[in-house]
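First come two forms of one protein chain, each written alone as structure tokens, so that there is a structure 1 and a structure 2.
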Structure 1
């Protein structure tokens, strides 16, 4: 248990800074709010978290990872809606200098339709409203847009505007036609991306929780709009976890546990795809060391959900310091993104779905005699053909209206054909299921939950109880004494472990107890000690970080045993 009254956040961040997990960025010039550096151990731990994420999405789901630039041209974000919608209309109170959301001021002052007003109009409209902070009547103010995207220019001069991406998702959307081809033209398929995203937060606080540059891991799964049953749903059908539905939130009720199958059947979750990734996310977060009792899934209320989303859930992790923190978002974004990019770019973003049986469709077609009518109408011919195609002719011919001019086309100059077509399929715009992970928040949650202080031999001990699969250093190797050849054997053991791909740290400085404590503090789960008995019978001890117990094992089995312990296929208690 953690002793004393110190703030957990302070303790965790202090440890993280001291031992090389997280540092303020460019400290020698003064740090910048909203940016952090991952030190040696932090970067390693984060990489392990990312690789577990890859294991779930790339290896197990089969959604390949792509890598797009962090800067994209303006058109991308015009289409996605970020240029227009990722900004807030703001104003500054001339009295108390407070920055305010202009639409909130309008709402407070009973001004309707603020969302659609131009800035000048809105400024005029709210002049009589009161400041939300100091309650003075605002008077003349300027309304301006504050866009959360970082803007830059591409190339010399400033010919082309670029933005740092506020999410990785757009990369998967703009590459849609290439991805569709890669997956050989059939649904469902998915693509994922792990990388940096940027949001120019107005006032970032809370250390690694709200960053201006953060690591985003997103999957975009393209599915048929009418087929939202996940083909592998049985994997999680009986998976039970706590859900805080919109209805429960409205009634102020706590989260209730459901199996995914029941949740979908009772329509609490929109479809199997969303449910599947809720469960997968739960499993992954538990795997990296989040305690299930500190994990819940909260459904977005209708009012907070993006207008295009059919359903949206947040995985929230409970922090002793920050309360419930949104860490993962899982949304059914429907066809919003692909439709928008298709519209703006002019590239169709559809999938051709072939019918089981071709459909026979009867169609009446009017085929004009082009050679005669073309000569007759010349430049107007095209308009005449188009109008004629939709006309309803009689036996006397067709009377059409082209640009206000009444034209009679005699029956011998066209032919009405009733044709039977075979339609083999249709083009549909896929829907997108999007699980979106904030890797930095996951890392913070892992650190906070791993942090512990206990009493060992009457002395307090700081220990990071990281699950072995995310611990940066996986095993430490100590010679009991720094002589008599024990150091040589220990170095050999270290090398053997490193050859197996394990991050093993050799340490022979100072008392053995001090070396154990040092490793405890950075979360190293296991320590191997070479003692005098090693020289007699070729055995070493493995010491478990959490229980501080030791078992003796043959030196030949050491790398195999540590590998099993680290990847979770063996437990220390059963050695």
Structure 2
């Protein structure tokens, strides 16, 4: 079997283009970096990955999916901070005129800490680095910030500015009050969204790893700020997985495996919610075919974590070409997002939390002498009453400010009362736990780790060892010969499998060995062959792609058996 090698990327992409997984977009006009087309097999595999994500978040977790436009008005991204701060540091090569990400140039030249450098300091640091395009030494360059959002206009005349969304999250934040009503005003609750996001990357050079249009799958889970013990934490409390904590990174130590329960108890992970979704993500990535030995979870260092985040982790998958690649991010974003949208929109984004028992609270209330003050201030009386109610009086009275006018209210014109109120609850701004998945990066990782080469019947074989749940074609059906009624039986078997919701491909072209190789190369996990014995005893053979072993089974059990093999409730070795 092929081992990790530097040229595996070329082999994977060659197979992907040749067999219809991934193509360069608008290739006949000259492909544009950062955009790809999913071919017939790639689109189907991607849908299977997306639906596994839905199985975890919609079916298992019970978070309903919503769908928002991919374009939003400017005010949304002003509130979120994207208009002001969603940018990368950029420079232009003076030799080839290519625009480059300055931090990538620094990384290639061995300059550390580029992300935290001021633009002038970074420009000086990369002056001796080579251009990533033409490999000339850059020399004197200017580093400046480049906003990564695609800007557009909404309606004719460019009267309203809009942006293509750089993430799916903001739609769920601005829909918070609607979602709160849908979930009957109870915390915790969550919503998920999967769809296209857009980032105008400066110089994307990493194929499916860095795209300008990509598929984003995000969950926004709204929780009580003081109640971050996950109600289902027992599901993953004993789940063990590798964690690369901030402390280990600072000491240059490797990742260490912990149970989620121990990681929370030792305060390596901020709370049970973050730990729960770290484990869920690990389980999901392994399910779609990511090898555990090529998967780790890295905690953000304090220098890279957002100032408002309580904790943040990246699921990183190891690639032979790209090294450790961030594929999923899981963060406790506190109340930053809801508070920002409430502040900019003027819409309260709070939840009323009712106390188990009403609380008795003593409050001071200022009662104005309305008859006297009303006559004295007339049109300003209402504003005076409202301002006085929140004032801090002294024995000499109260000084208030009404529309910029300083007013002194003598003590005989109001009364201060200390009253006992019954408080039944309070309004709180929920905190947000956000798992964010890059579906395209997951798909590339699946393809790279599934790619293999071995020897079959004395010949070299290229095979995609895709897990059955993500394989685009789930079963192939072959008549041994295209005559004597074998083809008729094979077509009947194909239709029976298709009625069970399986993608079954009928193939009667060429020698049986060649047909096996074609299906092995696109990752089809099982093949059913109809031969002359089928006509005698109504049995067929099922072939396993990975072991190339075959077993005979009754034809009336074929659809049930293939369904069990695909969904994982049965293993081929048990047949």
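Rigid core here is just the name for the largest C-alpha set that superposes within 1.5 Å across the two forms. What you see is a predicted model; the values in this text were computed from it and never measured. Residue numbers count along the first chain shown, from 1.
The form predicted together with the RNA appears here as structure 1. Once both forms are overlaid on the rigid core, the distance between the two CA positions of residue 104 between the two structures is 2 angstroms or more. The Cα shift for residue 402 between the two structures, taken after rigid core superposition, is 2 angstroms or larger.
Once both forms are fitted on their rigid core, the CA atom of residue 411 lies 2 Å or more apart between the two structures. For residue 87, the Cα shift between the two structures is 2.4 Å when the rigid core is held fixed in the overlay. Relative to the superposed core, residue 126 has its Cα moved 14.7 Å between the two structures.
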